[in-house]
Every structure is written in structure tokens, then in C-alpha cells.
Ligand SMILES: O=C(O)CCC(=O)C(=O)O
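Just the one chain here, laid out as C-alpha cells, in the form predicted alone.
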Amino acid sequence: MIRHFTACDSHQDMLGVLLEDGVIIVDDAVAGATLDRLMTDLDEDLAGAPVGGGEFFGGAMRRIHSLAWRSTAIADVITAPVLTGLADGVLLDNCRNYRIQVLGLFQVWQGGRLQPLHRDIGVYEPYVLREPGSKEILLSWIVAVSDFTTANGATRIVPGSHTWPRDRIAREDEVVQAEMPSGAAVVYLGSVLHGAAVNTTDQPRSAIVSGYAVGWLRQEESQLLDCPPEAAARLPLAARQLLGYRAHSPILGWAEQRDPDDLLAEREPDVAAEGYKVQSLQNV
């Protein structure tokens, strides 16, 4: 079972359960209007993306990345107070600030196969090994764009698996599905086992897949390439800091001795937001 909260509930209460169980669901984490704007901006790109993804993604998944370049609406998602509030509680004991780890819009279509259960921290192994009980390096989250149900393949999660040895395999009776309405977020530690389930309906299940990593760790996706400076300059300060336009400490990651809290402080967007996508493709 995954415990549900609302975005108005106490962050301390949420944090306590998150650290104990490794996962919680927060209803109303992101406004429906924000998700509508995002999906409108992504409509053309999403329609042209292939459904597939290979063995790891289950063979029936459509994915769009570079979301911060494609839509300014994503800023309201990655800076959602309930998500950053939980990240503060989980990660700031192990860093000065944190950054977006990965950022994509995923759709699971009918058919396919179960995604293998995995831990997001696996991308750093064996070079960075987090032992059970040690400080966290990742806080992952998935925001439901459409409702998550058992029938449409809601994400499979193994509560408590953050306390397990790395080689322990989950039994099927230990796996639960993150059923939740649109706008809710399932938030889980990077050391928790999870994976997409099979969609048995004729409608795709859509979600924003992301999370935060400690600021001294390399991002899984290079957001500085996915959202170059001219595009990042359109976003609010907090959003571009989360993308990585911020040093982790006085000099770790700085550029041209710029303000470590805002590496774009002296830059202005070179093109207007309207029509930006077409021109930027020529410059990347």
C-alpha cells in the first residue's frame, strides 16, 4: 500500500512516511491547467514520436525529452512547492542544492511488457554505491497527466525496498501499483524498486517522469544541452537553477566567474519565445 497525501498536508508528515516507506503519493501536486498547457505545447512532437522503447521500456512506450526547451509550462511542474519541499527534506542533508536528474513525458500504450523493476540510483553503480540507511542522492517523482489505474499500467512500486540489500529480488506480493488521479505525483527515493506496468486499455497513460539529484552529481540527462541558455533564459530563476544553471558551491560548476546562484544573470534571450523552436534547431 502507498499512503496518499494532499498538497496541503504537512511536509513533515509527508517526509516522515516517505523516509520510512520509500514512497508516497501526493494528490493535486500540479494544477490541471499547467498540465493542459504542457500537453498543448507537446502535441505536435508527441504525435510524431514512435511507440517502442526496446526491452527496458516494455516495447510500447512513447517518450519526449527536452521538455524545458519545448514548453515553458514545465517550469511550474519542476518547481511545484510540494515536490521541492520534499526534496529539501530528503537531499539537503547531502548537498548544498539539487538539480533535475531526468525530465521526460512518457506515454504507455496498449500491449507491451512489464518494465523490469529497477532503482534510479543504478545509473551510478558501481561508482557510487548507496548502502541502505545512508544519505540519499536521488528523489524521483512521476506526475500523472492522465489517471493512473491498474488497467492502464500504473507504475509498479516496492515500498520498503530502499532498506534492502541491492541483490534482493522483490516477490510479486510486495509490489503495489501507484493508482492516482491526474495532477497527483508518486514520489519515491532513488533507491526504491519500481517499473512501468502493462496498459490493457485502448488509451495511453501519460506521465511526466523526473526527479532531483544532489548538485555534486552528474545529471542522467544533460539539461544544459536539452535546454540551452537562450531557451533557459525564458524560464523563472528557480526553474533554470534546477536545470543546472547554478553552481553547487562557490566554484563547483561555475562559468566565467558568474554568480553561482544564477549563471545566466547577465544573459538575455537572443530570440523571442514565439518562433523560438524553429530557430533554435539551427543553433543546437
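Heads up: residue numbers just count along the shown sequence, starting at 1. Since we're looking at a predicted model, the values are computed, not measured.
As for the form predicted together with the ligand, it is not shown, yet the points below apply to it.
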Given that the partner is absent here, does Arg113 sit within 4.5 Å of the ligand in the predicted complex, heavy atoms only?
no
State yes or no: in the predicted complex, is some non-hydrogen atom of Arg96 no more than 4.5 angstroms from a non-hydrogen atom of the ligand?
no
According to a 4.5 angstroms non-hydrogen atom cut-off, is Ile121 in contact with the ligand in the predicted complex?
no
Proximity of Ala75 to the ligand in the predicted complex, heavy atoms at 4.5 Å
no
Note: the ligand not shown here; in the predicted complex, the stretch from 113-121, 130-138, 159-167, 80-88 having heavy atoms within 4.5 Å of it is 113-121
Sort through Gln101, Thr155, Asn199, Ser191 and report the residue having a heavy atom within 4.5 Å of the ligand in the predicted complex.
Thr155
Heavy atom within 4.5 Å of the ligand in the predicted complex: which residues of 189-213 meet that condition, in order?
His194, Gly195, Ala196, Arg205, Val209
